[in-house]
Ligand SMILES: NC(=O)c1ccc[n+]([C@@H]2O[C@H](COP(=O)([O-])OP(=O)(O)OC[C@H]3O[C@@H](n4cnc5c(N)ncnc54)[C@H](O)[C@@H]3O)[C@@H](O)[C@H]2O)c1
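For reference, the chain that follows is the form predicted alone, supplied as structure tokens.
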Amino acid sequence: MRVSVLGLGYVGCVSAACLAELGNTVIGLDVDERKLAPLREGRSPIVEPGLAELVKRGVDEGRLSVTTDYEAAVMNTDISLVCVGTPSTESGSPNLDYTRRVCSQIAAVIARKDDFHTVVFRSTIPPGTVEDEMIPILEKESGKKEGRDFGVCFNPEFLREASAVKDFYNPPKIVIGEREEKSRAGDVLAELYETIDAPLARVAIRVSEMVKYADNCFHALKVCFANEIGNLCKAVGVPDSHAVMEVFCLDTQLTLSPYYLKPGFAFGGSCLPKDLRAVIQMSRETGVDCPVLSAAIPSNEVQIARAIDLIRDTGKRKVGVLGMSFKAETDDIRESPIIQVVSTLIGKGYELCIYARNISGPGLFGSNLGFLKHELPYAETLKAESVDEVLERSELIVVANPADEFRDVAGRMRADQVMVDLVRIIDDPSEATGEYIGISW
């Protein structure tokens, strides 16, 4: 395939050399002659293991060339990868000036090009940037229509410095963001990567733009988490924090897994709140600052407040709640976050009914019963006998845990009813026969 790589910084240079090694004809473009001069001679302008050999081979064998001329780069290729930098502004937002400038230059060439051209953005940019800013520039300045005359994708890179070449050929995933399912542009990009063995996700452009931010924020969070655990270990006399984390990482069912990584309602139950409080107290007693761990409970409270706000914003006053335990298939209601929601709504004068098989009866005893009596002493008076009763009595239905018996409720609603879904009880909002509101989707 004929490929142009626009911007020969770290990502662009690695991408250009690796794509040339795969047998593509690659034209690299940059306005900085300091990058182009060594590349013309077959030398890498950056230090990266394995890159120098790829650059030399690509140049020597005629598969990799460089230019400052957009006309030459775009007119003579089928696909352009935009790899210009998006450095932070003083406010922390990314500076998109270089990306806009490249779009204008591409558009000027596309205006005179007869063939379909695919434009792929690889630079990390906020969700909505491609569709709200870059495509309008391309369409306006080329006089052509995206999807018909040219195509656009977003393709986040996952290259780590010092292992970028290895990461290019062995990525954790390949993500293709496209405007419509199985678009022509997406097909072109998928073909470019067809020899690379990695999971392929073809998703909406905004999803692909956000994935890179989610990845990097989580990596940063992991570093801070490990450091705080390590600092606490040292303060309380644990001899080897690395041993703690090595054992921690053995768990691939919960710890290193997708299990808890699903947006939704707040955490609760008998373990997480209690143990977080214990660790935070430990940090206070030892004088070890743990801002990440200390932020977990306030963050959880924000999600509870968000649920309350969503309910309030509907304007409905008759509220039915489905589920009281902090997760499905358990009768454990200790520190279940929905109880805080219910208490707040009652205090604000809402009329509530609750269906949950675990809020009354002989099966509720011990600490469960004590917690309910302390936090929601009037629970028995709010009880509904069935899901049907909740549907009959409510204007607004809140789904608080993903029990199987609640999965068909969205399709049984009246047209005038609203559902606030805290657990993603359905994947497709069109299944709801009334208004549907997801807490984070």
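Quick caveat: nothing in here was measured; it's all calculated off a predicted structure. Quick note: we count residues from 1 along the sequence shown, nothing fancier.
The same protein also has a form predicted in complex with the named molecule, omitted here; what follows describes it.
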request  = Can you work out whether the named molecule is within 4.5 angstroms of a heavy atom in all three of 75, 139 and 182 in the predicted complex?
outcome  = no
Checking 146, 209, 157, 178 against the named molecule in the predicted complex, the residue with a non-hydrogen atom inside 4.5 angstroms turns out to be 157
Of 383, 63, 56, 35, the only residue with a heavy atom within 4.5 Å of the named molecule in the predicted complex is 35
For the named molecule in the predicted complex, the stretch among 106 to 114, 83 to 91, 268 to 276, 295 to 303 with residues bearing a heavy atom within 4.5 Å is 83 to 91
Does the 4.5 Å heavy atom contact test between residue 98 and the named molecule in the predicted complex come out positive? yes
Partner proximity in the predicted complex: residue 231 to the named molecule, non-hydrogen atom cutoff 4.5 Å:
no
**Study point:** is_contact(residue 70, the named molecule) in the predicted complex, heavy atom dist at most 4.5 Å
**Key:** yes
Would you classify residue 286 as touching the named molecule in the predicted complex, given a 4.5 Å non-hydrogen atom cut-off? no
Applying a 4.5 angstroms cut-off on non-hydrogen atoms, the residues of 119 to 135 near the named molecule in the predicted complex are 122, 123, 124
